[in-house]
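Encoded as structure tokens, the following chain is the form predicted alone, with no partner shown.
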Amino acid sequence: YISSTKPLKIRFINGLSLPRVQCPNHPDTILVEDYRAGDMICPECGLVVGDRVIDVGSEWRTFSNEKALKDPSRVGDAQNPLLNGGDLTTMISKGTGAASFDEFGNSKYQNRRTMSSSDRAMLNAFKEISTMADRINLPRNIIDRTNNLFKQVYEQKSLKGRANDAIASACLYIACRQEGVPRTFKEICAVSRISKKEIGRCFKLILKALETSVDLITTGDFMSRFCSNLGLPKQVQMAATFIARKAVELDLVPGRSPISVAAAAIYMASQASAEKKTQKEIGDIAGVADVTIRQSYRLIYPRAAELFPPDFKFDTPVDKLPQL
């Protein structure tokens, strides 16, 4: 709120009247704000045009030698729109000193109980989602989408009887698929305490409850990440991507999981290059068994000559590739 010593000039913009504080003698001059005194001053003539200006700056001073420390310019967590109370409730932890308890030994401060059980459950789930996402280096937009999915499922009460951790894990899997950075069930299972089977069940129930869908996964969704984790060069990655796409186009791997096809393509491309990788090394990264890689590899091996890109530099000729 600004109290002006002079009448306010009224501007009309698109039919709306907007008050503007300006110097009556120099209306086009940009006023200087003196936050210490709370005044707005005309720099041309020194007239105090407005007083009692509210300081919207930081409440704390931050010195240069404190930059590495936590900035106290704002206190408290940011608002969480996913919680019913806007996350504006005060939560007081259990006291440790004598002043925290009455003469009967009961805690004097029990504000935590004012938080509803549903908000507390969602808050715990959001923490679990954030922890899981951090373990597999997922960005913030994935976490936000997962939180929104979990809230929708939780408020619908369509998965009653299922553990919140299982629902959270399934929501994280769906969010990754919807954002175009899919993760395998085994990768999600590795960072959660829930079995792959239970995550799969919740995944199907959530899609049905929310009436949503996810794009089908392809071999290209995993190729760059698998090759990067295996330390393979760009040439091998491009060859493996080409092999997998060509195998799907020629319908050589009907009914096979895109993950197993990607693993088989990586095995074939690496065996033809100088950077050879074993089935076990690839299986550990891709999360598939050696026998699964072998089965997919046997399906594409007979037409291996057609699958490699024309500009691929062979270290091992096609006819010398392992037959398994």
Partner chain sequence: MTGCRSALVLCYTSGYHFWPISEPQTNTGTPLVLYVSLLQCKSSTVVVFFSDCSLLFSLFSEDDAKLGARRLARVLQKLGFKVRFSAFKVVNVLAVCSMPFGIQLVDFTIKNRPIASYEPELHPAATYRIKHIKATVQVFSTGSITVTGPNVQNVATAVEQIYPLLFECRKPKALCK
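Remember, it's a predicted structure, so these values are computed and weren't measured experimentally. Residue numbers count along the first chain shown, from 1.
Beyond the structure shown, there is the form predicted in complex with its partner chain, which is absent from this document and is the topic of what follows.
Participant: Answer yes if any heavy atom of residue 185 is within 4.5 Å of a heavy atom of its partner chain in the predicted bound form; otherwise answer no.
Facilitator: Residue 185: yes, in contact with its partner chain in the predicted bound form.
Participant: Does residue 215 reach its partner chain in the predicted bound form, with heavy atoms at most 4.5 Å apart?
Facilitator: Result yes; residue 215 sits at the interface with its partner chain in the predicted bound form.
Participant: Heavy atom to heavy atom, is residue 31 within 4.5 Å of its partner chain in the predicted bound form?
Facilitator: Taking the distances in the predicted bound form, the answer for residue 31 is no, it never comes within 4.5 Å of its partner chain.
Participant: Verify the contact flag for residue 225: yes if a non-hydrogen atom of it lies within 4.5 Å of a non-hydrogen atom of its partner chain in the predicted bound form, no if not.
Facilitator: Although its partner chain is absent here, residue 225 would stay clear of it in the predicted bound form, with no heavy atoms inside 4.5 Å.
Participant: Using a 4.5 Å heavy atom cut-off, which residue among 120, 234, 127, 204 comes into contact with its partner chain in the predicted bound form?
Facilitator: Of the candidates 120, 234, 127, 204, 204 is the one lying within 4.5 Å of its partner chain in the predicted bound form.
Participant: Only one of 268, 293, 259, 49 comes within 4.5 Å of its partner chain in the predicted bound form by heavy atoms, so just point that one out.
Facilitator: Result of the distance check: 259.
Participant: For the chain seen here without its partner, which of 237-245, 96-104, 142-150, 170-178 has a heavy atom within 4.5 Å of its partner chain in the predicted bound form?
Facilitator: Among the candidates, contact is made by 170-178.
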